[in-house]
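Below you will find one chain, with nothing else, as structure tokens; this is the form predicted alone, and questions on how it binds or moves follow later.
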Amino acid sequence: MAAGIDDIAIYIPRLYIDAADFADNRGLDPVKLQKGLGVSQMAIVDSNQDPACLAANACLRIMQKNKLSPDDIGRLYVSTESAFDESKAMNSYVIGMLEQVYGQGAFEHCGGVETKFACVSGSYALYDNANWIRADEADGKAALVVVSDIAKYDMGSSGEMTQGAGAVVMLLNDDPRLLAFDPKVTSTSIKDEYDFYRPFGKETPIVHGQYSNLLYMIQVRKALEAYKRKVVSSGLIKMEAGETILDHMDYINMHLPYSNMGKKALAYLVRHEWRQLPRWKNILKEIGMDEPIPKDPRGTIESVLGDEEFMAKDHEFTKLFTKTQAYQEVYESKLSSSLIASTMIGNLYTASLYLGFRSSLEFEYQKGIDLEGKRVGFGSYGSGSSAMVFSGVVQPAYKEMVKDMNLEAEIGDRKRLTWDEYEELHENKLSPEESMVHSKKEFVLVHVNTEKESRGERRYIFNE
């Protein structure tokens, strides 16, 4: 039985901080910020928003667009690393909000959980629900998988320039119009790491940036190796001599903590894949230098990062490699369109990979490219750490879903925050009643209880 993504919708907060304003107030070069990270705007949540209402708003959009009733939905999963409760699952909050529109008890038959594994948990949720459909347990119902997060970092920290917020929801069923997942080839890599984590009671994460970036690339590479073995042994893909698995992916979507990290991750994977192929000699000739090797090639990530001479040479080599015609062709054809939305919105943690997929669909379609039958590869990563690599094929009915996609229209009119307004929101100085945008036909947070016996209870309303 087929399983895949039938439709996809997004909800992005209506506030943003512009990269130029951020750079000016942090004493940074705005050009370097935009070119180095690929950040133009960062979406910021209002004082009456949290990850649950972002998720609920995304769910409402996809249900209304597809004229779905609660009886059409059998599962509702929420994946997040911005959870505000260590027991009560976020999908229950979302169901509570949706029932304000669809009626009390309308979703009581709907199973689901909140999943957590940093930014990779949405991919595990997709995999779980795709298998639920393949096992013929869905009984004709669809699943909603929502990835919703608020990427927030300490004021003045290096991560502060990679913030963002939003939710992406995917409608899964057995007759998907957008993308059918390739069965039995999903592959993972997992290990115990402290590259990025958020201890209990802390609102912002502890980040080891360089370490996390390198670990991300290594883990995805390991998952890709496992994926390659599965697709070859299953006969899904037949690789000829001199080919790489990436040659058989028409599009590649990467986890995007910031858009330019996608470029770095792709370059890392392409280098790894091409290194043993005949084409590598021509690449090295064009670059004009040998690929550097660390002093301790089998050492730890720490030893590699501590090898300053290697790191400097590797940075130079990567920069030259990404300028080669062969790499540019891969980047432009397989990745570039997936980065556009990220530059406008910022880091969405669990949702960043799927915002990239949504971005790729819209902007590749706008180029006039026929996407039917194209294979899309996904490189998902979550700190802590785990990677997942999987793929799917764009379906014949994709045009009816993609032709009306308009990212700017879906985001809606946005308010550019002043620096003072940004700081007030960041430091939680405003109550829900002091929100900066008053939207209609949306769920908003109106109260968080502080009384001892009911502390933490949240109340939401649907603004008519």
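Worth saying up front: this structure is predicted, and the values here are computed from it rather than measured. Quick note: we count residues from 1 along the sequence shown, nothing fancier.
Not on display, but discussed next: the form predicted together with acetoacetyl-coenzyme A (CAA).
Within 4.5 Å of acetoacetyl-coenzyme A (CAA) in the predicted complex, counting heavy atoms only, one of 154-162, 103-111, 295-303, 218-226 shows up; tell me which. Stretch 154-162 is the one.
Contact with acetoacetyl-coenzyme A (CAA) in the predicted complex for Gly140, defined as at least one heavy atom pair within 4.5 Å: yes or no? Taking the distances in the predicted complex, the answer for Gly140 is no, it never comes within 4.5 Å of acetoacetyl-coenzyme A (CAA).
Would Gly36 count as a contact of acetoacetyl-coenzyme A (CAA) in the predicted complex, using a 4.5 angstroms cut-off between non-hydrogen atoms? Gly36: yes, in contact with acetoacetyl-coenzyme A (CAA) in the predicted complex.
Gln210: touches acetoacetyl-coenzyme A (CAA) in the predicted complex, heavy atom cutoff 4.5 angstroms: Flag for Gln210 set to yes.
Contact of Pro257 with acetoacetyl-coenzyme A (CAA) in the predicted complex (heavy atom, 4.5 Å): Contact with acetoacetyl-coenzyme A (CAA), yes.
Non-hydrogen atoms within 4.5 angstroms of acetoacetyl-coenzyme A (CAA) in the predicted complex: do Tyr124, His272 and Ser391 all have one? Result no, not one residue of the spot touches acetoacetyl-coenzyme A (CAA).
Which residue, Arg26, His438, Lys32, Lys429, has a heavy atom that falls within 4.5 Å of acetoacetyl-coenzyme A (CAA) in the predicted complex? After the contact test, the surviving option is Lys32.
Ser359, Asn129, Asn173, Ser383 - the one with a heavy atom within 4.5 Å of acetoacetyl-coenzyme A (CAA) in the predicted complex: For this set of options, the contacting one is Ser383.
Within 337-352, the residues that have a heavy atom no more than 4.5 Å from acetoacetyl-coenzyme A (CAA) in the predicted complex: Contacting residues: Asn347, Tyr349.
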